[in-house]
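Okay, so we've got the same protein chain twice, two forms, each given alone as structure tokens, structure 1 and structure 2.
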Structure 1
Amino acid sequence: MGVIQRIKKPTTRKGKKVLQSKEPKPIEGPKQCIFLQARNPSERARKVLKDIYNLKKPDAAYLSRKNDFVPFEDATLIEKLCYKKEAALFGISSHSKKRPHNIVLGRTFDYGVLDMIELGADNFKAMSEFHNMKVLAGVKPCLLFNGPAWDLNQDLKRIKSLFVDFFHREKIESIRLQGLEHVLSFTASDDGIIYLRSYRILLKKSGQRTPRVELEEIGPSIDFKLRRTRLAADELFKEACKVPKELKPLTKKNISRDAFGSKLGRVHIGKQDIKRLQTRKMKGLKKTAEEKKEMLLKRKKARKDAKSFQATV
């Protein structure tokens, strides 16, 4: 159930700008995320959430205050905080005897929870344990999804979409080779374990124009065990993925391409009278003096016949 929103009318210019910034836009920027802690989070769960926050920065906010709630039973607090912080994504750390080192990741639509998954951090190596150079905050990562299970399993296909939402930043048209610095690798196994690895891309000399690419692990290294999922219905998910009308490409009619890639167009014109069509003037097509005299006599005769007809009438 979504948050009940009050109808607010701005009284100042600044208030109007604030309300306009919360309105839906055709082209959205990077999605904001909030990270918060549920009841009694363990040290490992807090470190996992902190490292995911470091990967998401600067489009994220970390709330260190503990909250006494269970996300899968009551998500009202999450919806309120997402509305307050204008965040579409959230991450929660918790710990219990039944579900140790628990991480909940999810996203919202229209300020209501859309998808939510529960993961257990079985094996974890923090980013601080890798003593090497890290990438800068805000670098757009390259996402790799290894294994056929991401496309064969319907739940994993939705979880893949959730991970893309989490780490996808602004939309870009092109990128240079030196701009690829960070790789996030997700590997799904048949027993429900998701291996998350983070690498820094090193471009070494190869003696050719194309450099030799090496990967250096920079952390975090997490083995997630998939526990519970709460995924949206197909109708709601389809509505959330709906593209605005102004962003849909306009179809150009009567344009096609042949086998060689040449563009072919069909132009429709009205009916033409060939007799009145202006042709190129040439000396060979000019009328002789006799033809001109004959045409003049025909015109005079036609005028005379017309006058005689009018007189009889």
Structure 2
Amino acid sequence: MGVIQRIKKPTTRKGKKVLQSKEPKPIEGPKQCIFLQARNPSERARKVLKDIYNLKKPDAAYLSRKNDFVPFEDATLIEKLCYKKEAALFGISSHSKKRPHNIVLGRTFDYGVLDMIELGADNFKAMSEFHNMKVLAGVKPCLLFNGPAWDLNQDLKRIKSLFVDFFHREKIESIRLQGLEHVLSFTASDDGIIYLRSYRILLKKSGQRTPRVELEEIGPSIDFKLRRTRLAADELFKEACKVPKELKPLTKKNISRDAFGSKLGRVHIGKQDIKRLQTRKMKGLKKTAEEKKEMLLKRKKARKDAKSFQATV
């Protein structure tokens, strides 16, 4: 809701600016993410979350306080925190006997939970356990999705979109070729395990323009077991995926290119009125006074009719 549409007007200029910055915009920046801990998270769950936080870093906040809540039963706390922190993504760690080393990842739309998935971190090797050079913080990673399951399973399809949303950082116009140095690979096996691996790209000489790619694992390496999911209804998802008019490419009408690449344009011309066409002026064709009078009356009547027609419409 716009600032103008609020019943209570903001009292200060700064307050007004804050409210305006929170208003929906046609072009949004990168989604912010919050990470928090739910009921007594295990050491491993906490480390997994911390590593995911490290992957997301400039656009993320890690809230270190523990919160006594279960996101799948009551999501109000997340919605509240997401509103407070202006975040659209969240990650939560927790641990229980029934669901050990639990990680919940999700996203919100209009401050309400859109998608939320629960993953169990079965095998985990932290970033710090790989003793090698890491990538720069904030580098846009290449995302790989391996396995036919990502395409065949409807739930996994949505989860793929969630992972892309989580890790793609932001839409960019151009990229430095040497800046391509991070790969995140998600492999879905048939038994519902998602293998997350993270590599650094090494560009080697290949004798051609395109370099030969070699990878070096930098961590984290996590084997996720998919547990519960709460995915948005298709209608809501469609609503959330709406593209604003400003971003849709404008098509110029009536312009085409032929096989040779030359530009063709189609021009529409209104109907030509032959009766009013100026021809050669001659005395014999001149209108008499009577004819002129008649024409004037006709025109007046036509104008009157048009006016009354407009009034009725």
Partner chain sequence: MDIVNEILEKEQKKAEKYKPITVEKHLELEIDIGTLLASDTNDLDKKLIKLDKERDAYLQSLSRDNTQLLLNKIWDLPTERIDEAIVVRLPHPTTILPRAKPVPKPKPLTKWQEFAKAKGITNKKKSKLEWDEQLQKWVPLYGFRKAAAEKEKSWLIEVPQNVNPMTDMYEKKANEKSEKVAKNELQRLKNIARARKVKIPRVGLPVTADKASASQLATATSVAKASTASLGKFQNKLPKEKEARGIGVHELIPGKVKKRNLPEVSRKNLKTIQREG
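Superpose the two forms; the largest set of C-alphas matching within 1.5 Å is the rigid core. All residue numbers here follow the sequence of structure 1, with the first residue given the number 1. What you see is a predicted model, and the numbers here were worked out from it, not measured in a lab.
**Student:** The same chain appears twice here, once per structure, so which copy is the form predicted alone?
**Tutor:** It is the first structure (the form predicted alone) rather than the second.
**Student:** Compare the position of the CA of residue 191 between structures 1 and 2 after a rigid core fit and state whether the shift reaches 2 Å.
**Tutor:** The answer is no; the displacement is under 2 Å.
**Student:** Taking the rigid core as the reference frame, tell me whether residue 303 has a CA displacement of 2 angstroms or more between structures 1 and 2.
**Tutor:** After core superposition, the C-alpha of residue 303 moves 2 Å or more between structures 1 and 2.
**Student:** Determine, after fitting the two forms on their core, whether residue 73 shows a C-alpha shift of 2 Å or more between structures 1 and 2.
**Tutor:** No, residue 73 moves less than 2 Å.
**Student:** How much does the C-alpha of residue 294 shift between structures 1 and 2, in angstrom, given a rigid core superposition?
**Tutor:** Displacement of the C-alpha, rigid core superposed: 36.9 Å.
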